[in-house]
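One chain comes next, on its own, written as structure tokens: the form predicted alone.
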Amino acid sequence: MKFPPFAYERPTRLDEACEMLAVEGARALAGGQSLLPLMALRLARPATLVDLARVSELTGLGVDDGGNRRLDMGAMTTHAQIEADSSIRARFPVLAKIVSHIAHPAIRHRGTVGGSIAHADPAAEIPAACIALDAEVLISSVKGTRSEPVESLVAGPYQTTLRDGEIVTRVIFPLRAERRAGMDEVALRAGDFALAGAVCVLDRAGRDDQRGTVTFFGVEPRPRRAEIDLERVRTSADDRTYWVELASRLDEVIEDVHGDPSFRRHLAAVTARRAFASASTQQVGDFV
């Protein structure tokens, strides 16, 4: 199908991009792997596309080992860059694993972390990973810059709390000592969106102070993070019952041609159990 008519802008500075997006009908293009198909189907009809590919302030990827202790990436960082980065593979191996499940290599070379967060697809891996790992985003507009946790930014299916004219500029993951993480997902075919997935994070603040969470995605209209009863899981003769019970608490489960709610809850329990097993067996280092 043909695209609807639109104007095209390609700024090189963040302030330029913010000014262009402040105009009614303008929309950011941050990779285009979701927006362009929607435009081809006439489900999205922006008057102006503002291509962010040349905005230098939206690039860059690195680990800060100093006082900030964080992973800082520009919103235009592609999935392929995350997958290939040696510092991420060493210190955030779960992120490298997560992005390897996203679509196919051609899409990973174009799709961006900021674009995925702003699109807020319920089955997308990146928003769920950001929620599981306590990431926050920096957001800019002509009115200034603010920050917000990804967990509150993603408001629903394809819905965020971004205001008109705002751009996700950076994504920041804290580096946590004694943190382990694992993930798992089920899809019909390699490269398809997940029917259900889970990201498990285990934190240890002291010998007797442990916390575990699992963030489900592809199951409800938005990713959901839940606390894990670690004592019960580790003392249970058969932990399958626990994961089934945890998944049963998901109360807004998606129903579509790929499965009814009971099937998706089953997949949620399976992926959560596998993600927990992956996190539990990970070698503990300084970072995730």
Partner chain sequence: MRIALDLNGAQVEADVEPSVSLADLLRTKLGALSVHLGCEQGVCGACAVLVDGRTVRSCLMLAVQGDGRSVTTAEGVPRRRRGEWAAIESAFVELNAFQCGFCTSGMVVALEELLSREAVTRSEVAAQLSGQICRCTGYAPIVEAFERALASSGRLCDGDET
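Residue numbers count along the first chain shown, from 1. Source: prediction; values computed, not measured.
Just so you know, the form predicted in complex with its partner chain exists too; it's not on screen, but the next bit is about it.
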Note: its partner chain not shown here; in the model of the complex, the stretch from 248-256, 227-235, 57-65, 38-46 having heavy atoms within 4.5 Å of it is 38-46
Residue within 4.5 Å of its partner chain in the model of the complex by heavy atom, from R89, R211, R163, K143, is R89
Partner-free chain; cross-checking its partner chain in the model of the complex, the single residue of I172, A80, L175, L195 with a heavy atom within 4.5 Å is A80
*State yes only if every one of V94, A155 and R222 has a non-hydrogen atom within 4.5 Å of its partner chain in the model of the complex; otherwise state no.*
no
- request: Could you confirm whether R110 comes within 4.5 Å of its partner chain in the model of the complex, counting heavy atoms only?
  value: yes
Might R10 be said to contact its partner chain in the model of the complex, defining contact as any heavy atom within 4.5 Å?
yes
Query raised in the report: Is there a non-hydrogen atom of A26 within 4.5 angstroms of a non-hydrogen atom of its partner chain in the model of the complex?
Result: no
Close approach of P149 to its partner chain in the model of the complex, 4.5 Å, heavy atom: no
